[in-house]
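As structure tokens, one chain now follows by itself in the form predicted alone.
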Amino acid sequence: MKLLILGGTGEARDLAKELVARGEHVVSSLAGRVARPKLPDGEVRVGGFGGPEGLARWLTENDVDAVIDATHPFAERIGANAAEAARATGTPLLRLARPGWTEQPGDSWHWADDLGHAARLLPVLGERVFLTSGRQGLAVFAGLDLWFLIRCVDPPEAPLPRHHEVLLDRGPYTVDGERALMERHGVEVLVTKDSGGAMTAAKLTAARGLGLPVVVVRRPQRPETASVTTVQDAVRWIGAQEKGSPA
């Protein structure tokens, strides 16, 4: 089969590695927003498709048998485009999404509908903010008279909060390292998206141990489609497509 995997997540790389090892023709598509991405096994393309119409055309021109949307839980635009293109071309589509995080005893979580909502919650929660929501959408925090430690993989673009420090780093992180970072900067509140996964979960454990409040941005709604939460389930779904039976 010729398979298109959308996304540069760890799950996308793990799936590509497994499928290439099984002899499948895999093309992984990366958005190109990270300067030095970790490249998956198999063929790689970088950049957008030109909306759902462009993706539908690409699927047809390249004789793609199935699409696996393994993008970040907050990459809602490509998820919508994939669903529309799959419907238009009759291409089987699977969503591979790791589960979100679950609040644990001792946590003090404050759920936000989006980054704008998160920004409105901050003034009553703390004056020194550890912002780990990525470099997209930081403008909503620019008007707050708070101090921010902004951690992201690549340098963020203006506008940024007036009082801030940028930390360029990439996970995985350790609980001890996250705790030491928060203590060193006097962090009073953590902001994160509900990305899920173990690679960046250490900050939640560290915040719990320090008794810090955490603002957690909810995942956006995704189009209804077949979905799994593990790479092995995705491999089984692909096997079912090869046999011509529903997963």
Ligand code: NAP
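All values reported here derive from a predicted model rather than from experimental measurement. Residue positions are given as counts along the sequence shown, with the first one as 1.
One more form of this protein should be noted, the form predicted in complex with this ligand, which is absent from this view; the next part is about it.
The stretch that touches this ligand in the predicted bound form, counting heavy atoms within 4.5 Å, is 73-81, out of 105-113, 73-81, 137-145, 122-130. Between this ligand and the residues 51, 197, 37, 209, the one pair within 4.5 Å by heavy atoms in the predicted bound form involves 51. This chain lacks the partner; the member of 217, 30, 181, 204 within 4.5 angstroms of this ligand in the predicted bound form by a non-hydrogen atom is 30. Shown alone here, residue 45 lies within 4.5 Å of this ligand in the predicted bound form, counting heavy atoms only. Contact check for residue 3: no non-hydrogen atom falls within 4.5 Å of this ligand in the predicted bound form.
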